[in-house]
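This document opens with one chain alone, in structure tokens, the form predicted alone.
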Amino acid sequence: MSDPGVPPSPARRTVPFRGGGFAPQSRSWISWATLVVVLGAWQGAVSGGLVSPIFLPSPWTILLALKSLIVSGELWRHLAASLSRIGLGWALGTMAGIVVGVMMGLFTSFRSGGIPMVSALYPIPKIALLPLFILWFGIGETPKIVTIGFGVFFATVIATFTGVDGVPRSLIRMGQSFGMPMFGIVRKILLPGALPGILAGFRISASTALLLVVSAEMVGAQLGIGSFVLSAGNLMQTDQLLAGVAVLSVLGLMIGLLLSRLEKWLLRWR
């Protein structure tokens, strides 16, 4: 029997968990469903006569044009030329950008001289410098590769410098207190700490390289996806043009997938 002087205890109830932290979940079916809906509406609009196939071919027509490019081998010739330019330009620009970015993050003199230079040169459209590079290096592959590397360089410098500058200084002081040499501090503390920022910069620089290679090939190239798209546009072959655009889109998705795999492998220690 309960004591009449003690108030009754409140009824127990279950409180829902509120600490989800806005954690995103992967729902790939939504991506595929959205793609199917968009392509279906596009195909229906063209087939129903709402959109002229001259100005906007249907997805099926673009797929047939892409098939003819694959069968004839023309796609592989253009794709091989573009990938070779992207690969070499991106590699050169990335290596130089990482070195300069680390130096700017470590040394005051490099930081004081580098930040104004990067701030002044980064906003310049790199494709505008292609005629100058042609005057310097002649007509050929070198001006295109230099243009790509120049654009990749600045994006990598900014990402690397920001990543190095964001490493907690307490970790660096701890390494110095244990007598670690400068190279050991850079290799074991600075670079691992800055690696997420550097890899994020890779995504930006890879997109920059893809944009620049298309622009450079439109200015002066006989082979390459950019040259193919420009030629198809001049001839009003819109199905061929959009087939080239679709190849660029797939190429961008594949580069993003490769960078995601690289990020998981390099950051597996986290």
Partner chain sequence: MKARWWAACAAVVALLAAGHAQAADKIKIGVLKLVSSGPIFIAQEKGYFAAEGLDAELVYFEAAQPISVAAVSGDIDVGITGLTAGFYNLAGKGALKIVAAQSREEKGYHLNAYLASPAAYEAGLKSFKDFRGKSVAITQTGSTFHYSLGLLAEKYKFPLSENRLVALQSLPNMVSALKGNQVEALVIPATIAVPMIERGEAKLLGWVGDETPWQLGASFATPKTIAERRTLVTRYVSAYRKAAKDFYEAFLQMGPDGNPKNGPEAGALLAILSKFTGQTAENIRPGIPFVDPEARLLVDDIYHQVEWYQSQGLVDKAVEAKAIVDLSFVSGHFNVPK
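Everything numeric here is computed off the predicted structure, so don't read it as measured data. Numbering follows the first chain given and starts at 1.
Although not depicted, the form predicted together with the partner chain is the subject of the following passage.
Visitor: Would you check, heavy atoms only and a 4.5 Å threshold, whether Val219 touches the partner chain in the predicted complex?
Guide: It does: once the partner chain is placed as it appears in the predicted complex, Val219 has a heavy atom within 4.5 Å of it.
Visitor: Would Phe55 count as a contact of the partner chain in the predicted complex, using a 4.5 angstroms cut-off between non-hydrogen atoms?
Guide: The answer is yes: Phe55 has a heavy atom within 4.5 Å of the partner chain.
Visitor: Within a 4.5 Å heavy atom cut-off, is Leu235 in contact with the partner chain in the predicted complex?
Guide: Looking in the predicted complex, residue contacts with the partner chain include Leu235, since a heavy atom lies within 4.5 Å.
Visitor: I'd like to know whether Leu230 contacts the partner chain in the predicted complex, with contact meaning heavy atoms within 4.5 angstroms.
Guide: Yes, Leu230 is a contact residue.
Visitor: If the criterion is a non-hydrogen atom within 4.5 angstroms, does every one of Leu248, Val250 and Ile255 touch the partner chain in the predicted complex?
Guide: The answer is no; none of Leu248, Val250 and Ile255 reaches the partner chain.
Visitor: By the heavy atom within 4.5 Å rule, which residue out of Pro131, Gly73, Pro125, Gly113 makes contact with the partner chain in the predicted complex?
Guide: Of the candidates Pro131, Gly73, Pro125, Gly113, Pro131 is the one lying within 4.5 Å of the partner chain in the predicted complex.
Visitor: Sort through Met182, Leu135, Ala80, Ala120 and report the residue having a heavy atom within 4.5 Å of the partner chain in the predicted complex.
Guide: Only one option qualifies, and that one is Leu135.
Visitor: Would you mind picking out the stretch of 58-66, 219-227, 28-36, 205-213 that comes within 4.5 angstroms of the partner chain in the predicted complex, counting non-hydrogen atoms?
Guide: Only one stretch passes the 4.5 Å heavy-atom test: 219-227.
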